[in-house]
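Below sits a lone chain in structure tokens, taken as the form predicted alone.
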Amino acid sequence: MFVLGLQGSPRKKGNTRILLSAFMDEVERRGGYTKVIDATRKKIKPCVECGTCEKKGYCPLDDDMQSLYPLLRRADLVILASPIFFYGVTAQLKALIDRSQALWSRKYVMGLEDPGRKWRKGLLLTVGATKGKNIFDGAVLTARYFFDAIGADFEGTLGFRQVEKVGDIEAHPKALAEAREKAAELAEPFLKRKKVLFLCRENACRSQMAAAFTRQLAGDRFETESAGNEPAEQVNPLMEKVMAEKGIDMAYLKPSAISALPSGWQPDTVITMGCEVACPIFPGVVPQEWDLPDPAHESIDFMRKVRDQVERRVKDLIRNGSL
């Protein structure tokens, strides 16, 4: 499983940083892999309300946010971590949140569904200086709509009051333990999934489609990765188009090399597509071969036929429990 942390504390040794670290360390201890994005150290421009994302589905602003969209799509679990500033999250994190409008537009304007949307989870980690009853209300409302925009079910808030000075969170009697307990609770279902790897030559069409169908249909049971032994520069635009015809959003994907798989990631099932792939050796795993034609450089009708073959095979595998 992949957990993405979005960190909004400006302090280098801030309480929210420590809280998020406790959560992420527990995920890694249990076998997940994580990445933390420090919003306060990224160059993320505020949304300028240009409307481009609602017309084209992409944000035109060229900054660090462009590298975050693919991570938001890959993540199984997204953690939003911020101290409370005037009853809300920090300005740096709010800029990142506002720019998620591009993902909201793809779903609610264009009618496309991210394959991971049904299974992705989101959690808010936060601390506040006072003991006010409503101190977290503004941040919770922002988090709720942010997670909806990125395609994640809001799993609630882990918030701690009267935490202000550097080191206060470490002196708290329960905070770090509760963060670790929450990490274990949220990670457990994801870590129980079987791992399946789809391989084709360029990782631009067939293996990407297979991974997307599997994630959409059974992402609660299977953790999917796709890769190629000769990755293309970009995914095939016709592939994106024919998947959109099925309502499946393939935005922000990039072909990946087999060597780029997460360190230590061991598949339970390996499926190759086309005999041109030189399959790597995974101990104890006998690859399954799908003799599917390569749709690269072919017509859109040809791409549709391959898409439909991939979908049928994925559904058969899920139905028969062969994955």
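Predicted, not measured: the structure shown is a model, and the values here were computed from it. Don't overthink the numbering: it's just position in the shown sequence, from 1.
Quick note: we don't show the form predicted together with a small molecule, though the next part is all about it.
Remark: Pro231 does not count among the residues lining the small molecule in the predicted bound form, judged by a heavy atom distance of 4.5 Å or less. Among residues of the shown chain, Glu170 is not one whose heavy atoms approach the small molecule to within 4.5 Å in the predicted bound form. Interface residue remark: Val127 is counted as part of the site for the small molecule in the predicted bound form, having a heavy atom within 4.5 Å. In the predicted bound form, at least one heavy atom of Glu164 sits within 4.5 Å of the small molecule. At a distance of at most 4.5 angstroms from the small molecule in the predicted bound form, all three residues Thr16, Pro83 and Tyr87 contribute at least one non-hydrogen atom. Per the 4.5 Å heavy atom criterion, the small molecule in the predicted bound form is contacted by stretch 156-164, the sole one of 105-113, 72-80, 247-255, 156-164.
With the partner omitted here, the residue from Ile135, Leu176, Leu217, Val140 that has a non-hydrogen atom within 4.5 angstroms of the small molecule in the predicted bound form is Ile135.
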